[in-house]
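Encoded as structure tokens, the following chain is the form predicted alone, with no partner shown.
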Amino acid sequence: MLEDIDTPALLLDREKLERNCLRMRERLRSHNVALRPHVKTAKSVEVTQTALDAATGAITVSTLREAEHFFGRGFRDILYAVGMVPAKVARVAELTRRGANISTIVDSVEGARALMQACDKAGVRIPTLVEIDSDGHRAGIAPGDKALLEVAEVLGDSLRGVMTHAGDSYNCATTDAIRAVAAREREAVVSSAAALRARGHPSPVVSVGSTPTATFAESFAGVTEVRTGVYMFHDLVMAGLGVCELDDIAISVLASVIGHQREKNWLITDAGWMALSRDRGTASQKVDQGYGLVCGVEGRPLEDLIVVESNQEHGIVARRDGGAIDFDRYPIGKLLRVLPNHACATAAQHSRYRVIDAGRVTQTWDRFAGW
């Protein structure tokens, strides 16, 4: 029973998780493109197996800790999708020697040279993708930049292809805008791969990835794989983008009411930013959800309550409009559930998932952390 759990606690609704994962698998299968789920949000073997509907498979990681953890549990095909630096080559080399097919990424001539020098020193060759900047959001080489071919020359036989992340999709106001970003994302890597091939550089991997673009892209022509992760759980940012409905959000934080501030129309809970995170990803969206949307213990939103402020161990709950709260509905000890703004950030605050089926806790799945 939820009443038997010490709060705050991270809940995972198995039915919603399975539904979200099945939907993404079927969508990408219909486009004849491979799914390489990103496990940075899940950090759980059980969640990843649910995403793949298999015991193991190709995955994307954002830390070498993730790569090592999943390799130790049978996963062999791993993309480390963060810019590679020489100091990390030893750990990748060790995984490679033990049988991992692990690939890395670079986005500059300097980065490629440093990687190759470190690989020569370690006596290993690491398959490497070139990161392409498809939207000016973060890292990567712009399509058409001559640096792409220069990097390919440095990498030589280690070059495996190209990849990009359409992070700008998180800033879109409409689904049509997300579709436009998805088209730009696809064109950026497909054209870059074509440029490499035209100069004699094989590029078997053409990789894209973000949950919004994976959900709304109209074409994956020329793309070989899609990396996406938050779709497994979804969150309030995804709901604000129109990527999912509130009822699709599979994780929540169970909290207890620990106090009343009647003159301020506040409820105080034991779920502060140590349980919810400081993420305010919905602040720039049409509906600002504060630090999280408050629901009843069954998971349905309550009279427009949100977490309006967050201290380390205290969450301050109020009505979105600042109106009066019926405190009799929320006695001390009352259980609430808070839907997260950003599933990755909220899950990262916890060491395990309490898996619920039909409102009852049926299992506990461990999470892990570290780099």
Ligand SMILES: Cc1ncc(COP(=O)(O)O)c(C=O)c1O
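One rule holds for the numbers: they count along the sequence shown, beginning at 1. What you see is a predicted model, and the numbers here were worked out from it, not measured in a lab.
As for the form predicted together with the ligand, it is not shown, yet the points below apply to it.
Contact with the ligand in the predicted bound form holds for none of Trp266, Gln289 and Arg320, as no heavy atom of theirs lies within 4.5 Å. Put simply, Ser277 is far from the ligand in the predicted bound form: not one heavy atom of it is within 4.5 Å. Contact annotation: Lys146 falls outside 4.5 Å of the ligand in the predicted bound form, judged by heavy atom distances.
The closest non-hydrogen atom of Arg73 lies beyond 4.5 Å of the ligand in the predicted bound form.
Though the partner is left out of this view, Arg97 does not reach within 4.5 Å of the ligand in the predicted bound form, counting heavy atoms only. Figure note: of the listed segments 121-129, 188-196, 84-92, 158-166, the one touching the ligand in the predicted bound form, with heavy atoms no more than 4.5 Å away, is 158-166. Of the candidates Ile78, Val230, Ile141, Ala112, Val230 is the one whose heavy atoms come within 4.5 Å of the ligand in the predicted bound form; the others do not. Of the residues given (Lys40, Lys334, Arg27, Arg65), Lys40 alone sits with a heavy atom within 4.5 Å of the ligand in the predicted bound form.
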